[in-house]
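Below you will find one chain, with nothing else, as C-alpha cells; this is the form predicted on its own, and questions on how it binds or moves follow later.
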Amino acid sequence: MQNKVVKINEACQTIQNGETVAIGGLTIHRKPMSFIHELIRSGKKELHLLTLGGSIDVDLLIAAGSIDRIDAAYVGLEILGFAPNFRKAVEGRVIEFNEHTEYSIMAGLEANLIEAEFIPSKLLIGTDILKSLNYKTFRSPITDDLLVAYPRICPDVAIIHVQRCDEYGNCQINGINAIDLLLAKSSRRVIVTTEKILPTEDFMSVPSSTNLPSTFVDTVVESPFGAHPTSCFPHYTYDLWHLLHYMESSKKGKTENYIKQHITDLDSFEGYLNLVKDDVKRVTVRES
C-alpha cells in the first residue's frame, strides 16, 4: 500500500480554483478547520462548496472571497444563530446559494455513488425548495405517482476531519459522522485531516472501527486540534467562547480583522493554535 501522508500546503495545492469542494463534519462538530485556514491562506477562489450543515467554515470562506456558489441544507452556528457573512452574501446576491434539504444532498451523492442519473422520490413535491432547485418531476412507470428526480452530485474533492488514521488512509470516525462516509465514497478525490496518525497495527484489534477504509482516501494530513473551534469527540468540545468572539466580530463588520489576525498573518494552523492556546486548553476533554 502507498503512504498517503503529505503536508497540509501540499494537499491544498491539489485543489484548483473553480472546483466543487465538499466539506465534511456537521455545523460546529468535526469541521476540517485547519484545511479551511489553508484554503484561505493560499488564496483559492471561485470554489463551489457543498456541505450538509456548514458553520464558521463556510462563513470564513465566504468572507475571504473564496466561494462563488454554495449548496447546503443549513449554514449557522446552532445556538448562536445563522452565519452572519453567509446571510449577508446570500441576501446581497454576492454568491449563488442553492438551498437543499438534507435528503436532496444525500440522494444526489447516492445517485453518483451507484452511477445513476438520478434517485426518484416523492419528497419535496409541493415545496418551494423543489421550485428553487428546479428539479424535474415525472410520472412513475409503475404506479403513475408523481416523483422527483434527484440528479447526481459529484464533488471534485471532499475534505474530512477524523480522529484517527494510519499512513495509508484507513480512518476511524467517532461520534457523529454526518454524511462523511457518503461524501468520501462519491467524491472524485478525498483529503483527510486527522488528529493522529497511528500505526496500522493499532487498527487491527477491532477492524470494524475503521469505518472509512483507505480505498476511498487519496491524501492524509496530520493535524492535531484541526477542527478547532468546532468539536472533535472525544478529544475536545466546541469552543463556545471563541465562536462567540467570532460572531460578535462578524456582526460588527470586523471579519476581515479576524481573518487577518487568525489566518493570513500567520504561517500555519500551528500558529493559530499557539495564538488561541488558552482557548484550546479550556475545551480539551483529554489529551489528544
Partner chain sequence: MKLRKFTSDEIMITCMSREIRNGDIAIQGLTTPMAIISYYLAKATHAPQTTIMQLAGNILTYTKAPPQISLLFNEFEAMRRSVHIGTQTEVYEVIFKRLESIVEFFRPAQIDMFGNTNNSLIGSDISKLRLPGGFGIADVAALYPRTFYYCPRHEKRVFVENVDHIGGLGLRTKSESHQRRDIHIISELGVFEIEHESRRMRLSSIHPGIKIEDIKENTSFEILTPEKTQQTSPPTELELQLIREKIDPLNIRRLEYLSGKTRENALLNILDKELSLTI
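Not measured: the values here are computed from a predicted model. Numbering follows the first chain given and starts at 1.
Although it is not shown, the form predicted together with its partner chain is what the next lines describe.
- When its partner chain is considered in the model of the complex, Lys196 lies well away from it, no heavy atom lying within 4.5 Å.
- The shortest heavy atom separation between Glu110 and its partner chain in the model of the complex is within 4.5 Å.
- Within 4.5 Å of any heavy atom of its partner chain in the model of the complex lies no heavy atom of Asp71.
- Its partner chain in the model of the complex comes within 4.5 Å of a heavy atom belonging to Asn177.
- If you check its partner chain in the model of the complex, you find no heavy atom from any of Cys154, Arg164 and Tyr272 within 4.5 Å.
- Contact residues in stretch 199-228 (any heavy atom within 4.5 Å of its partner chain, taken in the model of the complex) are Thr200, Glu201, Phe203, Met204, Pro207, Ser208, Thr210, Asn211, Pro213, Ser214, Thr215, Phe216, Val217, Asp218.
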